[in-house]
Every structure is written in C-alpha cells, then in structure tokens.
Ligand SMILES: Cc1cc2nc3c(=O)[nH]c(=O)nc-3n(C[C@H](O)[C@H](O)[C@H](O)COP(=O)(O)OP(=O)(O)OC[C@H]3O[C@@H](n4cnc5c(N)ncnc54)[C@H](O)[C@@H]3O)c2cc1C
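Below you'll find only one chain, the form predicted on its own, shown as structure tokens.
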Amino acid sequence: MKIIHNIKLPVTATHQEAVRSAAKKAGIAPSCSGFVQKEALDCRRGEAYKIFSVVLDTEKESPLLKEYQEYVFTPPKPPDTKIRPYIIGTGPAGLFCALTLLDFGVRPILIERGDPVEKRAEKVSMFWKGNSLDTESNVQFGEGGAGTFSDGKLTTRIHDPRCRKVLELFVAHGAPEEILWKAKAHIGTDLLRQVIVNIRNDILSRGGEFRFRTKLENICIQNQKLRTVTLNGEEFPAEKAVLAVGNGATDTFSMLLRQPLVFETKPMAFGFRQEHLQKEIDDARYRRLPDSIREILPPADYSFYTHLTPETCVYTFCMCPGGSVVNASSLPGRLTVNGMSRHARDGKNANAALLVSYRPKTVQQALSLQKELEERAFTIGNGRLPITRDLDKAKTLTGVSPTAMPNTCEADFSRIFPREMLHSLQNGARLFQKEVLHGATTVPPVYTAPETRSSSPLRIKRDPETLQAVKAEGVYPCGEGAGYAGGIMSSAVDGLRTAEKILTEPNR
C-alpha cells in the first residue's frame, strides 16, 4: 500500500474521483483500488478546492508515492490475563487504553470519580440552568472526560499510525464515518455522548469493570514499586495503575505531588473565550468565493498564532464553529470556561479560546496562578461568568450576545488578569481582528473569562521506553492530565501506547 498527497480537485469532487485522479498522477491504471485517507478544504486566494491524500493498493515505486504505515500490534507473547490494571480516569486515554487491553484478554478496572455520561449530562444541564455545582461530576469530571462537553475535535499534530486506529474505533462505536477522512474531523458533543455509552457497553461485555463515583485518594509506592491504591478510603493491592486523570484534577495533582514521583513543569496558557457571529467568520474566510460555492461549504473556522516577543505568543485554541461557551467549573468558588459545539455546528456564534503563553518556574506556581485567576473571576461576578465587549475599558456595548449559561456580568478584565498578561491578550485580539477577520467585523465580539484549563499544569516524568513513571514501577502516567497529550486524539493514542507497553511486559 502506498500513499500520495496533494491531489487537488473541485469542492464537488467525490472520493472515487480522487482515487482515479491519484492513480493517474502516480502513473497507475485508473482501475487501481484505493481509499481517501485525508480530505482537506483549501479556500485561499478566492478559490475553493478539496485537497486529498489517497492510499493506493500498489507496490509501484515512484517519487510521488510513499509507504503507507498501517497500525499493527501483536504482543511478543501472550499477556498475563490474571493481572487487572487499574485505569484512573475514563477520558479518551483511559477508555482507549481499556479497549486495547481487552483485545488481548486483559480486563482492566476503570476508576471514575464522576457519573456515567447520561447522569453526568443531566447534572451539567441542571448546573447551567442555575443549580448547584457537583464537584465530582461536572464538565471536567465524569465518564468521557472534559472533551465530552466540547466540539469533539479529532485533529492532532502528531503523526502516528495509531491515529487511524483511534478513528476506526470511534466509528465502530457509532461516530460518523466521515471522521476517517475529514482533515478537521469532529464528532460534536451531542453524538459523542452516545459513542461513550457504546464504548462503555463494549468494555463491560468483554469483562472490563467500571467503578463510578470512586475517587483515587492515594497511591503507595515502596522501594520504587507500586503497592496499593486507595479508593474512597479503602486500600487495594495494585500491580499496575494507569494515571489517565484529566488536566483539571487539581486535588489529585496535589496528592500525587506528595508521592515519590518525578515532576516537570511544562508550558501553559491562559486567556478567555472570544465569540463572533458565525456569519462574520464565514464572510471573512469565504469572502472572495461565489455564493454558489459558499452555500455548500461548512461553517468556517480559523486559527491564529503570533509571537509578540520571542518569549510570548498569543494564539487561538479549540475553535468551535456554530458553538457556545460553557461554564466548565469543577471547584466551588472558582470559574473557568470552555467551548462546545454540536455535530451540526448550527449555532449563531463561533467561539475560540484566545490564549497567551505562560512558562511557570514550578508546578506550584502554575497551580497557584490557575487558582488565582479562577477565584478572581468568581468573586468579580459573584459566581456569574465575567464578559466584556471592550477589552480596554469594559464598557457596556451592544454586540454579540454571549451564549454562556446560566448568566453573565459585565466586568473589567484587569481585575482578573495580571497587567502584562492582559496587555498581551489585548494586543493579540487586535492582531486577530486585523489578520484573520481583515478588520471587517461590524458587530463587536464578546469575551468571556477565564480559560485556564487548556493544558495540564504538570508532567509526571516517565521512562520513554516502558512509559512507567520514573522511580515508580507499575505506575503509568498517561494522557493529557499527566502531561503527554493535548486533546482527544493524542490522549486516545497515548492510551493505546500505554496499553501496548502493559501487554508487552514479560510475564512473572
């Protein structure tokens, strides 16, 4: 199997046409079988095209053709199926780790501090309507992880053959087949919830076990080896534990920092959500295209990245076309926000995080600033989400209506962010308006603060070969919370990699 990239065709082109065009370009008979591995949209320079990467069933050698790497994993020897690893967290890292272990007869025990996704969704909905926050089951915690209440993006910068396996598993559990080839694939929060239910049922049917409303309270490491885990006050012997906690588990981080583990600081970012009318994003991104083409294109997205200084960059993150801003809080007296979209992306507004980079000197410094920003935001609005349409003066102006629930309040963001951080965000917002929207917006955007959970505040150092924590045999830091991923796809891939290492270990 070979892959060929950069097959440029009209936006109306089908996959069959893409395969034929790829074969012709490679000098192969048009009857050659193949499939589209990636389909991207290029709307630059006043034209619209689809750009395909196509996998062809051929062994022909050509400078245009590259080897197609398929994901294949087989343990070197049958794994010890008597061992039952604990998987702490049921986000994508934990769930995909479990699916892979079960493929080879190893039955994990999944520990989740929150509720099953159905009950969790009900509690989140009630919270957004004004009910009290459940600190154990919310936008951050619960089955599916924080990505459950997001756009369900499946984009990633990593190039790993496991990515295809992750997509295939999502489709096998009910996700739309289009995610297999869309360059900017997403599932959407509405469809993702049922996919998670299907994954849970699959895990249960094959002997996996879920323990909901169960919190990891301690791990015991003696002589550089995992001995026990403490769950809801009860200690259990443990040989292996996958730490697939999410990036918002600050209390779990505090517990882990007391253990004989090795930690590293990592780059972070803080900022806010910006909302524009989706129509204005469409107009800016598709502005030179004829109406006949625009009407068949999806809601437009964008990305933005700029260095204000060699050390400081401002960028957009997790852009949600046709989406909404949500209260993503998980702790009393603290506020944080995130973005969310349904699969149809049919909302009136578009939103994205606008963030400024931050390099903490210590893990505690990162945790302290995160806590400080979230507490300030809560205090300013007495629990309401702070918004502004004027980053400089916090004036009350007409403009985009905020989508955040349950309620918002006009606020001066200088009371939330440190002066230098806010100054960088203000400059970034101006550059975004100029470079991405070409200064063409007529309805002022609205900003909602703060976005503080875009990444984990720490990294639990692990051996690059075994993926076990340094000086802690049997402990597997995994996914976004442990500092090794940045989204649904990379977290799921890290879950697969971790399972492979567990399955590859020699039997004892």
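From a predicted model like this one, the values you see are computed outputs, not experimental measurements. Quick note: we count residues from 1 along the sequence shown, nothing fancier.
The form predicted in complex with this ligand exists for this protein as well; it is not shown, and the discussion that follows is about that form.
Visitor: Does this ligand come within 4.5 Å of a heavy atom in each of 152, 252 and 339 in the predicted bound form?
Guide: Verified in the predicted bound form; spot residues all in contact, yes.
Visitor: Given a 4.5 Å cut-off on heavy atoms, tell me which of 175-183, 261-269, 425-433, 92-100 is the interface stretch with this ligand in the predicted bound form.
Guide: Heavy-atom contact with the partner occurs in 92-100.
Visitor: Classify residue 165 as contacting or not contacting this ligand in the predicted bound form by the rule of any non-hydrogen atom within 4.5 angstroms, answering yes or no.
Guide: Because no heavy atom of residue 165 falls inside 4.5 Å of this ligand in the predicted bound form, the answer is no.
Visitor: Contact between residue 385 and this ligand in the predicted bound form at 4.5 Å, heavy atoms?
Guide: It does not: once this ligand is placed as it appears in the predicted bound form, residue 385 has no heavy atom within 4.5 Å of it.
Visitor: Do residue 326 and this ligand come within 4.5 Å of each other in the predicted bound form, heavy atoms counted?
Guide: Yes, contact at 4.5 Å.
Visitor: Looking at the partner-bound form in the predicted bound form, is residue 113 within 4.5 Å of this ligand by any heavy atom?
Guide: Looking in the predicted bound form, residue contacts with this ligand include residue 113, since a heavy atom lies within 4.5 Å.
Visitor: Which residue, 403, 214, 316, 278, is the contact with this ligand in the predicted bound form, using a 4.5 Å heavy atom cutoff?
Guide: When this ligand is considered in the predicted bound form, the option within 4.5 Å is 214.
Visitor: Which residues in 345-383 have a heavy atom within 4.5 Å of this ligand in the predicted bound form?
Guide: Going through 345-383 in order - heavy atoms within 4.5 Å of this ligand in the predicted bound form - there are no hits.
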